[in-house]
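What follows is a single chain, given as structure tokens, in the form predicted on its own.
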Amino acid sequence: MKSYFALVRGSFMAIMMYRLSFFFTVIGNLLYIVLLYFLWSSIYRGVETIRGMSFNQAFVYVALAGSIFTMVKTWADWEISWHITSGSIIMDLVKPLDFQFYFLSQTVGFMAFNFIMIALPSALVLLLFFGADVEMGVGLLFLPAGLILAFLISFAIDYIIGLTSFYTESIWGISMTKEIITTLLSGALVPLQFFPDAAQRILRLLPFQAIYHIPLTMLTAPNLDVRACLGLLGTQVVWVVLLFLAGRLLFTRASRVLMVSGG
């Protein structure tokens, strides 16, 4: 376990070296919140609620979705692909570490940094400068667990996409397609409540909504009770287990076809 903790600490320290990138990420996230405020103000002009959501609930939902995106984005798919194209994957495979948890440990450091330095300040700006009101509910008690599980699901999906580079080497098209699908079907751009009822029933069966919609529902739906929150967490846990197992199975198969031309 000490080796994995060292990887977490190392990745956290490494990302601190990219100060300019961090600065532009913060500025970009704040500008995104400003644009969302004016966009959703226009959408709600003259109406109190749409699809059962008030302006405050919808604005908090989509604005914090951007902060969650910054926090749960792991880049594990691109990292694995780079290791394969560079040839350094050989060293990863001979290390006395579990391949999946090796990359997970690296992404945990990134997640911790992005939460502390980007997601949390953006949330405070949202509350202090835009007058957003987070209604107190039992869901707030379950939100930390929901965010951790959302991160694990996001990593598991990125990890699976990254493993496809064992077959394709380049994952640009696959990764871009994954980003589009995840963003559109997870509630990151538009709350799932705004989709037609039939589409909502389908989207709730997919893992993408467990990344954004579930933790955001805990935050913006004060009427949730403990049983409902446990049900939402249970959905996330199921997807974590299924996706991690799928990743391990795919790694077993993909590592047999690996060809390295770099190094």
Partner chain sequence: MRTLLHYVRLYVLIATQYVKARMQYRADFWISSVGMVFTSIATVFVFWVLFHSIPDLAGWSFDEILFIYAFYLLSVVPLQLFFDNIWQLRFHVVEGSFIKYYLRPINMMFYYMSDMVDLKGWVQLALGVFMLIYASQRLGLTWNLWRLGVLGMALFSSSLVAISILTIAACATFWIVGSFPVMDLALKIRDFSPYPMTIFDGFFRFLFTYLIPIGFVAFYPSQFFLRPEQVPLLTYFSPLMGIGSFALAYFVWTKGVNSYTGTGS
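Positions refer to the first chain, counted from 1. All of these numbers come straight from a predicted model, not from anything done at the bench.
Below, we turn to the form predicted together with its partner chain, even though it does not appear here.
In the model of the complex, every residue of the candidate spot (W40, R51 and T177) has a heavy atom lying within 4.5 Å of its partner chain. This chain lacks the partner; the member of I148, L140, L189, A112 within 4.5 angstroms of its partner chain in the model of the complex by a non-hydrogen atom is L189. Think of it this way: in the model of the complex, its partner chain has a heavy atom of just one of L233, L224, L36, L64 within 4.5 Å, and the residue is L36. When its partner chain is considered in the model of the complex, G173 lines it closely, a heavy atom lying within 4.5 Å. L126 falls outside the set of residues with a heavy atom inside 4.5 Å of its partner chain in the model of the complex.
Within this chain, Q57 is remote from the site of its partner chain in the model of the complex, having no heavy atom within 4.5 Å. Although the partner is absent here, L185 is a contact residue: one of its heavy atoms lies within 4.5 angstroms of its partner chain in the model of the complex.
Residues of 136-162 are not found to place any heavy atom within 4.5 Å of its partner chain in the model of the complex.
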